[in-house]
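One chain is shown next in structure tokens, namely the form predicted on its own.
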Amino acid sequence: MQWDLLLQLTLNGLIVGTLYGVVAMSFVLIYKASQVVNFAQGEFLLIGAWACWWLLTEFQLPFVWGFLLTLVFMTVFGVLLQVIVLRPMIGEPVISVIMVTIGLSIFFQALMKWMFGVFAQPFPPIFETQAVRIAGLEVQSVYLLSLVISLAIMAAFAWFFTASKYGLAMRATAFDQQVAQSLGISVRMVFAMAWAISAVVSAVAGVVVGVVNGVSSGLSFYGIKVFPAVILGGLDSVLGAVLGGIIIGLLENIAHFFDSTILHWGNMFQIAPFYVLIVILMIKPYGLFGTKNIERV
């Protein structure tokens, strides 16, 4: 057995899994705040990546400044999207809001193709050294950057939900919107904040993936790839989202190893996480850390 390849893919799976976990947290954040599954999450990655690419190529900005301006833009974008498109849907059936997010997904896909074309565009070179060796394993520099940023975002989420006033307000709103409103919490503000944070975090992931693979409409597929991680960990659990992302990242790469060395089926990398997802949900329908809802009639 090719142990070096297995260790390499396992390390890649852990790093990519943390990125999946960050995007999964964005799903959970919106769901906890508004009970809505955002099917346009993948397009947030796409928009963030294209915005950063445009700033770097059009204005020749250093990567750090282009990246920071992208985060500012995505913050404003998330707030405006919630205020203009989604706020009028408050009080409507949840399925109606979900259909709006699906419509937004299609609209943003078409808009990005119209603005930037359908071909993948590479990011300008960011690192002088494209890869480094750690304990004999080769890791791309952008993956190390991704790992650092992902861990920082996870730490920020932990602090935000446990120590900040707005994080506690968001937790209260997720628990019961009417009670939170009676305590003086602005539910509309919480909704806008949740969408803004979700857009920013997704943009970070989009830029990282874009640096590795180039920017194209295929980036939005990451929203679908991360969805099994969300369901696996539990749709209302931030911790579950992180662990679900890591599990999916490991499964993808380990499946790729066995497929390339033993099975030679050619598609295990993509479908293995969904098979495992089905098995786990048959045992734990609410995911590993999801809240079990019991309704009595």
Partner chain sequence: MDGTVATAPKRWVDTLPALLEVNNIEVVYNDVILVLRGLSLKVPEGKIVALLGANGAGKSTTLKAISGLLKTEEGEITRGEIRFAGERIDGLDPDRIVRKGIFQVMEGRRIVADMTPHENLRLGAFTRSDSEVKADIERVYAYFPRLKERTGLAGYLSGGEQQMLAIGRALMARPKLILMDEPSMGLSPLLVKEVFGIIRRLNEELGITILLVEQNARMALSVASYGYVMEQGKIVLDGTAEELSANEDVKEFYLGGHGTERKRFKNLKSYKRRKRWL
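Numbering follows the first chain given and starts at 1. The model shown is predicted, which means the values in this text are computed figures rather than measured ones.
Although it is not shown, the form predicted together with the partner chain is what the next lines describe.
Look at the stretches 210 to 218, 169 to 177, 148 to 156, 133 to 141 and give the one with heavy atoms within 4.5 Å of the partner chain in the model of the complex.
That would be stretch 169 to 177.
Is residue 112 near the partner chain? Define near as a heavy atom within 4.5 Å, in the model of the complex.
Flag for residue 112 set to no.
Is residue 189 close enough to touch the partner chain in the model of the complex, meaning at least one heavy atom pair within 4.5 Å?
Residue 189 belongs to the contact set for the partner chain.
Answer yes if any heavy atom of residue 75 is within 4.5 Å of a heavy atom of the partner chain in the model of the complex; otherwise answer no.
Heavy-atom contact with the partner chain at 4.5 Å: absent for residue 75.
Heavy atoms within 4.5 Å of the partner chain in the model of the complex: does residue 163 have any?
Because a heavy atom of residue 163 falls inside 4.5 Å of the partner chain in the model of the complex, the answer is yes.
Identify which of 117, 88, 125, 184 has a heavy atom within 4.5 Å of the partner chain in the model of the complex; exactly one of them does.
None of the others qualify; the residue that does is 184.
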